[in-house]
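Below, in structure tokens: the form predicted on its own, a single chain.
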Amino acid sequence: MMTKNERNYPKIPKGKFAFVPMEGRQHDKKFETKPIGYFQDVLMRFSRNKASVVAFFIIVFLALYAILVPMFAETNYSLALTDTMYINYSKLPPRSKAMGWLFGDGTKKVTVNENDYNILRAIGIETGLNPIVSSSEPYQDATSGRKQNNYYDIITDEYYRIGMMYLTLTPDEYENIQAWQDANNIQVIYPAITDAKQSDANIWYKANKKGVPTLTKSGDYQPIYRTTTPEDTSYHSLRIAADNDPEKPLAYARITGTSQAKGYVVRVSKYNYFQYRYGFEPSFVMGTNSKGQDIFTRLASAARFSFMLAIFVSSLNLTIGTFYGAIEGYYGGWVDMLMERIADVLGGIPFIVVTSLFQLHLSNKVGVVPSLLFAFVLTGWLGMAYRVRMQFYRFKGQEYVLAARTLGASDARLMFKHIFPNSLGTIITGSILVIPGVIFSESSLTYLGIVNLESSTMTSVGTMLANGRDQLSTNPYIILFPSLFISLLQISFNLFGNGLRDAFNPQLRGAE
């Protein structure tokens, strides 16, 4: 009789067994590639989003523009407001010899009467810098009621049109200009008008009391420094004599003051004086604003301030919001309810009201920028705290958190070692998107006049927008470039933030 084991496991002869050959057997193979980490996987997913990659490079370009341009600008011409002469170079349109096709050539189409047309002609004859690029035939405007006056539609070179200005120089300054003229063969000082008392003359010919050039019977202009003989051409010399004698042909300067504090009143070409003072011809790729400041470097300085303010505010909001939201989400219960009610009270305060009150009462004590910073931080961390709270509610019940708690991990270790790193994607995305929000809010506040960030060494994008508002119809480029900057920045940050969101949280791809 067979036993139970014999029935279940029958005895098989050894001859029926055969050894399996080892050749050709399947084994686990060693990975030929390196394992992909979390952030490397995020980078791979982000790089597949072409729009976000392009937006990232645009942001980098704008940031480099804001950092490098103020550092390597040729002069401080764009920032200082302490020099009153800057107003003489105001509202110059964009012009760049290298990029004139991209921005502009410094010209402007205007309609002038015959008197102004003659003055522009006189500037060109005197200096050789002809402001009239092209001109129409003279015509009479029937709607003006002044049919006796001819009008011209002309295209002017605004950089040559700025004409002349009077300066009072010390003897040393006067001699320095003389030496520069001799060395560079460029005339800066020109003779003043003796026939008309003007404070802002643009011509060196004889003129009436209104500054309009007078013509000879043959229709020619009358220079005021004719030489005594036709053969004498000494008046072409760049070495100008300082003399009050009107009979001398080189009386280009008028001496003022006493012998102890002698000065020279001279009439200079604005264009050539700019070359003498700053070492380069006036040519501004984005033009100048109503205060005569270079928009290109001024905008870079404004962007740098806006970036620094936004990054600092984002860092503070991230720090405060992370700790606040982590405590809410981890402990929950009555702790969460109490802290949420505090957040609701702060969130109910309008941001613009807080900013206005701080500017009225706090800025006088701590300054405009610190009071604006307080306004941003007072309620700005609430959004970050909400995101962190939701992430903690999402992950604190996971198995790895329960396992760490079972092994004796402290609350602080569970919060910031196990839960916080897993919610890092959402937190980083939220922090990045705070930056354009702060820049846009600051621009809105300064544009509306609630905050004034204008000074001789500081400005912001919103301030530049506000300053260019009145020039929108006559000189639109003053507000155009700050508008393009902030628009491009906002669009790029939104695309970049969407790409980061999809890379860190693939399950949220396409969600708004």
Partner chain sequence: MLKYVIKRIGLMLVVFLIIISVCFVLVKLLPSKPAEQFGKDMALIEMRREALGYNKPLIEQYIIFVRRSLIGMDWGVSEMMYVGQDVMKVFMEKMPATILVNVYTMLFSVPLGLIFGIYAALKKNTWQDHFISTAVMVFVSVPSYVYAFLVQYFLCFKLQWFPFQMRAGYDYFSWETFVSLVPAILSLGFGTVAGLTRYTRAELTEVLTSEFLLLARTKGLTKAQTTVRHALRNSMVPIFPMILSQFIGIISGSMIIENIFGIPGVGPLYVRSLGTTPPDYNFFLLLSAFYTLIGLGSGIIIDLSYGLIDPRIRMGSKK
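The shown structure was predicted, so the numbers you read here are calculated from the model rather than taken from an experiment. Numbering follows the first chain given and starts at 1.
Just so you know, the form predicted together with the partner chain exists too; it's not on screen, but the next bit is about it.
Visitor: Using 4.5 Å between non-hydrogen atoms, is residue 460 touching the partner chain in the model of the complex?
Guide: No, no contact at 4.5 Å.
Visitor: My question is simply whether residue 417 lines the interface with the partner chain in the model of the complex - judged by any non-hydrogen atom within 4.5 Å.
Guide: Taking the distances in the model of the complex, the answer for residue 417 is no, it never comes within 4.5 Å of the partner chain.
Visitor: Using 4.5 Å between non-hydrogen atoms, is residue 356 touching the partner chain in the model of the complex?
Guide: Residue 356: contacts the partner chain in the model of the complex.
Visitor: Contact with the partner chain in the model of the complex for residue 444, defined as at least one heavy atom pair within 4.5 Å: yes or no?
Guide: Answer yes; at least one heavy atom of residue 444 falls within 4.5 Å of the partner chain in the model of the complex.
Visitor: Given that the partner chain is left out here, which of 117, 440, 374, 180 has a heavy atom within 4.5 Å of it in the model of the complex?
Guide: It is 440 that has a heavy atom within 4.5 Å of the partner.
Visitor: Exactly one residue in 338, 360, 407, 71 has a non-hydrogen atom within 4.5 Å of the partner chain in the model of the complex; which is it?
Guide: The option sitting close enough to the partner is 360.
Visitor: Which one of these stretches, 262-270, 276-284, 345-353, 180-188, sits within 4.5 Å of the partner chain in the model of the complex when only heavy atoms are counted?
Guide: Careful reading of the contacts points to 345-353.
Visitor: Heavy atom within 4.5 Å of the partner chain in the model of the complex: which residues of 461-488 meet that condition, in order?
Guide: Contacts from 461-488: 465, 469, 472, 473, 476, 479, 483, 486, 487.
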